[in-house]
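Here you get one chain, nothing else, as structure tokens; it is the form predicted alone.
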């Protein structure tokens, strides 16, 4: 039986992995949060591995507060660079395959075509810079790794754009959303399924992969679809520019990912983002109704 360790398991991707993992009874999953396994403390993290035969480590632990990272640089580097280096070294020592989640923020957004794994990264934010340096530490440390870059992650769990829009849509009569940043919303449960397919696959073609749902839109387009599917009829939604809606961290104006490589790797089709959004909204509403009863 394979043993899979999931770090940062209380985040939205970790929670989605827990859901998907119910279909993988032949795999033993160990879920940890930062208090149980702090990846920035190498000695403690190393001792956690020492008495377990861990075949795969899925690293969902990350500093993801994009704007806050511009000021809280030390913490962002400690988790996204030093912590990832610790994990890579420990995985190498224990012959564990590392699956690490990265981001479209490693790119500068100047491309006109979807980014391939071979395109040159050029991050424009502290968050993007720390995630890229984390990737490089893995590559320098171990040969047994999968780095999966993803974009615009959302789900019924944690804090994300879908849930923020639903919350604001219930409170405000009018809302402005950025319409000059292009990307692809990615349902975290779809990503979780792909990650577990990596573990099941027999061919170990290590390296960097891109995963997002199919299609592309803007944040405004994403918000519009959320409200249309949720039947918000009284909300006035307005498109604004990045100049009008300033943020501490610069976002890539174009960060669509080319997913050809990962499709071949796991021999799968990827759902369109609008179809996945339907499922996410249904799951979110079911969970809300369950909490009320």
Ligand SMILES: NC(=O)c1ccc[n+]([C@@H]2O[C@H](COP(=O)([O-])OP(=O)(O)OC[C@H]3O[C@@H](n4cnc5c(N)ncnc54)[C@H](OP(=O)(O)O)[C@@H]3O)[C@@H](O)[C@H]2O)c1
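Residue numbers count along the first chain shown, from 1. Everything quoted here is computed from the prediction, not taken from an experiment.
Although it is not shown, the form predicted together with this ligand is what the next lines describe.
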Quick check for you: of 201-209, 101-109, 114-122, 166-174, which stretch puts a non-hydrogen atom within 4.5 Å of this ligand in the model of the complex? 101-109
Do heavy atoms from each of 11, 64 and 79 fall within 4.5 Å of this ligand in the model of the complex? yes
Contact of residue 151 with this ligand in the model of the complex (heavy atom, 4.5 Å): yes
Would residue 58 sit within 4.5 Å of this ligand in the model of the complex, counting heavy atoms only? no
Applying a 4.5 Å heavy atom distance criterion, does residue 127 contact this ligand in the model of the complex? yes
Against this ligand in the model of the complex, would residue 37 count as a contact residue? Criterion: heavy atoms within 4.5 Å. yes
